[in-house]
Ligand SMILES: NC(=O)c1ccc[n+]([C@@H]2O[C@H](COP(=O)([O-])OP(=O)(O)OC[C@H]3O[C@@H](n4cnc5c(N)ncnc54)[C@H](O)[C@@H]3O)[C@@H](O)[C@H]2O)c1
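One chain is shown next in structure tokens, namely the form predicted on its own.
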Amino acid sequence: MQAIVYDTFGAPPELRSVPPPTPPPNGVVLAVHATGVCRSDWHGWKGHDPMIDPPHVPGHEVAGTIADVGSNVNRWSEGEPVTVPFVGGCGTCAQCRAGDPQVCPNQFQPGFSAWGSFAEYVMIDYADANLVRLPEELDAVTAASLGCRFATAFRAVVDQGHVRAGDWVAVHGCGGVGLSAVMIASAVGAQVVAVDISDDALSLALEVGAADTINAQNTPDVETAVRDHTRGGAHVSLDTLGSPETAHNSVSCLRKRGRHVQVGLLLGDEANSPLPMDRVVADELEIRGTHGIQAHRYSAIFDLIASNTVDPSTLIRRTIPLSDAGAALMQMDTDRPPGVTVVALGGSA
């Protein structure tokens, strides 16, 4: 099969012929119809994820059809159109039994713990616990765009942030996950202030539902600016970028008893950056993390799409062939155009 492969961290990813995968007993092989290009793939390519041991095929936002089925898989058959969360639980541990496979200690992550979906075929383990059947009306490109960014944003806004109609929500960082969070928070009735350093990204945030925007590059005091825009502080604030500055601003801009959700990764020494814990104590703030989404929560996302409450396809600004996926990944080093890029391999899901 054809796949995008890098031999060492940071080396140019190349399109080459590699052996196709075979399913393990509890897994399946998908024929990939579309796969998103996500900043998490960039982190993996840069060597930020200890699960990856090159040579490696990136890609974790996938939609396709089942091409081969492992001997122990009971719920799925060849030819079914599916997607999958980027974090797959084993289905048997205490966390999975409690309904929280996104924090499974034995988790499977395509593109990280195994070769990913920048390829014509990809193996997905723990299939019975994690595959999600796609609605007939959802095209493969849109379905792939849900896999990490949109689904993660949904959990961050709805399940972890508990955003309600009338809330003020601040979103720090308007990449794919941040724009998804803007769209979802607006759809549930919140008023959203989007923060970024790119005017293009902020324009897109307005297009998908933000009530107002702040260019952090031109704003010396983001915390005060958010408080002014939200009439006293955000009820919920999300750091969707992942940096010491955005995390600090997200906590600091909250009103009393507000909720901060950390979505973006802070890596290396940045992971130990201090937060304003005096504010957390004095104002009884809540700090939560979020990591992917459970397979069973996709039905709520599909319901929002079917009701025309959200349209994630509006976030997709570039559809490229598999041969261009490596270049798109490297482009994130210096230039991140707004919106979502999806690799389309043909077929339908």
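In this text, residue numbers run from 1 along the sequence as written. This one's a predicted model, so the numbers in the text were calculated from it and none came from an experiment.
Same protein, other form: the form predicted together with this ligand, not shown, and the subject of what follows.
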query	finding
Close approach of Leu30 to this ligand in the predicted bound form, 4.5 Å, heavy atom	no
In the predicted bound form, Arg149 touching this ligand (heavy atom, 4.5 Å)	yes
Gly111: touches this ligand in the predicted bound form, heavy atom cutoff 4.5 angstroms	no
4.5 Å heavy atom contact, Cys174 and this ligand in the predicted bound form	yes
Partner-facing stretch of 182 to 190, 149 to 157, 271 to 279, 129 to 137, counted where any non-hydrogen atom is within 4.5 angstroms of this ligand in the predicted bound form	149 to 157
The single option of Ser252, Gln95, Ser198, Asn106 touching this ligand in the predicted bound form, heavy atom within 4.5 Å	Ser198
Of Glu245, Glu207, Glu78, Asp221, the one that lies within 4.5 Å of this ligand in the predicted bound form (heavy atoms)	Glu245
In the predicted bound form: members of 286 to 301 within 4.5 Å of this ligand, any heavy atom	Thr290, His291, Gly292
